[in-house]
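Taking the form predicted alone, here's one chain by itself in structure tokens.
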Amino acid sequence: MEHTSAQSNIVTRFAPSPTGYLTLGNYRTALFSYLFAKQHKGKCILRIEDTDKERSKPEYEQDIYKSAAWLGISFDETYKQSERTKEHEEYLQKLIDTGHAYISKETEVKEGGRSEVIRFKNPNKKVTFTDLIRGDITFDTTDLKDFVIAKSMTEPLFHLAVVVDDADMGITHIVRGDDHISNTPRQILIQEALGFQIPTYAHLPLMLAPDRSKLSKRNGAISIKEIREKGYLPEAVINLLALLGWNPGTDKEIYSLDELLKDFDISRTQKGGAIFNEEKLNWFNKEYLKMLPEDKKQEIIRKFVDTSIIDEYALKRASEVIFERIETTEDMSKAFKSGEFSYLNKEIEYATEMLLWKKEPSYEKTSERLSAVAILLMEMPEEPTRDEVKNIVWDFAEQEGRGEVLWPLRVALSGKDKSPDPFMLLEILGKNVSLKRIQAAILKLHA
């Protein structure tokens, strides 16, 4: 395959190792690679770098495919590095034949090491490359010495395999984390020795924890698998990832993938570390949950309710309140299990004493006020709105005392001391159920 001619079409790649579940930082690299390629009508390739046979696991590889698809990142081609050993061996032999590499007899062999390895013959020169984010970067490669590129003729290491694969796949632009900057001079030396076209590099800032320490699996890094299981929406995750290190130059924060494809500009990527804040992810997720169409909201809610005990009418009218209270669907699951939304059940239970307002704990007065409210509410429509019922009840509440009227009304409707306000409860429950619950409360007070 000829690699010396200039590439006209942009081709990027995402090259993860399936040695664990990939984190948000990994998929930010995938997203930026994808956006850059697609903006230029190019290709984005997925290459599974699975040559570490001991640590690479099928479940990790499958999760890479699943997570990328979940996020909406699609790849034009997919390769596995382990299936390309023949190509690696050919180029390794070429480097030896041309004097750019040699079999090295190791004088000091550490435990588990090799007595022979293959080293690249370092020309000890300065290497300069232009990074799309950081500008010109120069390395004096003398310090690298003659570095190891293979354990044996059949076991090439990272630097050689990556260079050969990038060239064979026509990769024109390499978008990756800035922890790879130090790898670039070694790879350029190998590219030059093999006569390959040197790709353009863009090194993204590392993702940092809120205390500006390096984000790691031990320090706040979250896998996409965990993100999915916690009940985040892919749109929210994509939105967050895009803004971790990239500045659109405006105050706009909500970006769909299609909008990112129009507005993304890799040159606006910052050089400094990008701080990951879980609270910001929660904010994005809450915004995207609220934007879901009503049928989708109902579909999500029904995953967490017992439809045999729930009031269907109330459930359909409560989605706004439910989604206002949660940031993830995991929150929704916990809220339903804890009974936070038990007022949506067909039957509610509570102690009679809860109906009494603390400033006037009178059974008789509480009953009288609830009876007066019930009479007023006979005027409300079958499907009232919050504002309609507030207009009906408010003057009476002002006259008798807001707490004296609204507290027992809230408890009668919800069976809880913490719930939406009674006007919202009246809207959610509707006329028939609301009046039945108020009458039931009056009977409890007289029992």
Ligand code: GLU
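All residue numbers refer to positions in the sequence shown, first residue = 1. Quick caveat, the model's predicted, so the values are computed rather than measured.
There is also a form predicted in complex with the ligand; it is not shown, and the following applies to it.
- Checked against the ligand in the predicted complex, the candidates Trp283, Phe158, Tyr102, Tyr363 yield a single residue with a heavy atom inside 4.5 Å, and that residue is Phe158.
- Shown without its partner, this chain lists His180, Arg325, Arg134, Arg268 as candidates; in the predicted complex, only His180 has a non-hydrogen atom within 4.5 angstroms of the ligand.
- For the ligand in the predicted complex, the listed stretch (158 to 166, 246 to 254, 335 to 343, 363 to 371) containing residues with heavy atoms inside 4.5 Å is 158 to 166.
- At the 4.5 Å threshold, heavy atoms of Pro16 reach the ligand in the predicted complex.
- Using a 4.5 angstroms threshold between heavy atoms, Lys225 stays clear of the ligand in the predicted complex.
- For Glu49, a non-hydrogen atom is located within 4.5 Å of the ligand in the predicted complex, even though that partner is not displayed.
- In the predicted complex, no heavy atom of Arg186 sits within 4.5 Å of the ligand.
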